[in-house]
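Have a look below at one chain only, the form predicted alone, in structure tokens format.
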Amino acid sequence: MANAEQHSAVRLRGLSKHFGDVVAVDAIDLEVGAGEFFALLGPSGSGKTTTLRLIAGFELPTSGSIELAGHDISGQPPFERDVNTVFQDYALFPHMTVAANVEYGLKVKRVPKRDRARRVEEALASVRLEGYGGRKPSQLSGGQRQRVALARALVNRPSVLLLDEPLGALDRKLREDMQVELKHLQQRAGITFIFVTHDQGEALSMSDRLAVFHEGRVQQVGTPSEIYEQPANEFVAGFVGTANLLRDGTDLVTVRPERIRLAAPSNGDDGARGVVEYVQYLGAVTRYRVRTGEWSSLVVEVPNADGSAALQVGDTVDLAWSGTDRQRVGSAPA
């Protein structure tokens, strides 16, 4: 246990937060390793943002504890915690220059002026904004403002950086670019990142591990592949990616859309015949919804590069998948 604690950046023990009769966070236990990119994933109202605010100190727990590097910080005010937070709206001071925004936290901490100037330059260089120090936030793009917010947080050299949906205000292309850039920045800085998002693709592509939240509780913790391939319960299976949930005797199993082939079953495959009821062209793939019974449908994704003839609504089609493509829901440890 001592060795585990030595390598934990953040540890939550029985952490709960009540707002009157509303239980926002319900007795969660969670551990984030030092230097880890850890995502808190869940729908709106699932408790992920409240958990982040509890770690930051913006909310105090109703019960339970928060440890940072093995020290209980549950009752400490935000400014005494060795963490910094980046918000979705960036919270930059519009009347200040970029350099002044980044420098602000250092001035509050009374860092000497010469050291402040050097650290501001280093922070801006780390987010590839050299030469932008004299500009105002209004003169920057959304992606540049986001990087200024990151520099302002990183300049304080926190042990943990908390990010509350920081890419949510960006358009899709810029968001995808910033996902790559943010991951590279975390790897270069070597700082623990705890990243809140409701975007499943974002969490899967960026995190080393993630926790899936629902109704104030952690449903599953694991690597992206563990969460996607071995969902702990029906909620995780349905929320993370698209899942076809099927009954196999008493077991509930999932077959992901990309694992289903447009072919008649053979050699012991499972399969079904159905009628195409919906077609969605997504660029790299085409997604079909195929009704296989009066009350059931399967979602199928077919790569457009494989030359398959496009199906139309109303076409009858055979579907097949192998036994290894089925994953029993709940087979993974929670």
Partner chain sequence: MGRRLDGDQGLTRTARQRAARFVSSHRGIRLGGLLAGPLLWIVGAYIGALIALLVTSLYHNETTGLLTQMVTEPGLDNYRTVVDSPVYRDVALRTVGAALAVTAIDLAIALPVAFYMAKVASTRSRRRLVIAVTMPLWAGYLVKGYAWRAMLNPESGLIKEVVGATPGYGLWGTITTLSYLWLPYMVIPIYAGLDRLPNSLLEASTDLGGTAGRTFRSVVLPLLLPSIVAGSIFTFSLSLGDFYVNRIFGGTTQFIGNNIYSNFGVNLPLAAAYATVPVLIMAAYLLLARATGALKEL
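Positions refer to the first chain, counted from 1. Rigid core here is just the name for the largest C-alpha set that superposes within 1.5 Å across the two forms. Note that the coordinates shown come from a computational prediction; the quantities given were computed from them, not determined experimentally.
The same protein has a further form, the form predicted in complex with its partner chain, not shown here; the description that follows concerns it.
- The candidate spot formed by R53, D89 and L92 is fully in contact with its partner chain in the predicted complex: every one of the three has a heavy atom within 4.5 Å.
- In the predicted complex, at least one heavy atom of R152 sits within 4.5 Å of a heavy atom of its partner chain.
- At the 4.5 Å threshold, heavy atoms of M96 reach its partner chain in the predicted complex.
- For the chain shown alone, P257 is not a contact residue for its partner chain in the predicted complex, no non-hydrogen atom being within 4.5 angstroms.
- For V83, a non-hydrogen atom is located within 4.5 Å of its partner chain in the predicted complex, even though that partner is not displayed.
- Heavy atoms within 4.5 Å of its partner chain in the predicted complex are found in one stretch of 106 to 114, 258 to 266, 234 to 242, 171 to 179, which is 106 to 114.
- Residue N156 is the only one of N156, T197, S207, Q186 with a heavy atom lying within 4.5 Å of its partner chain in the predicted complex.
- Looking at 57 to 71, the one residue that comes within 4.5 Å of its partner chain in the predicted complex, counting any heavy atom, is F58.
- In this overlay on the rigid core, S138 has a C-alpha that sits 2 Å or more away from its partner position between the shown form and the other one.
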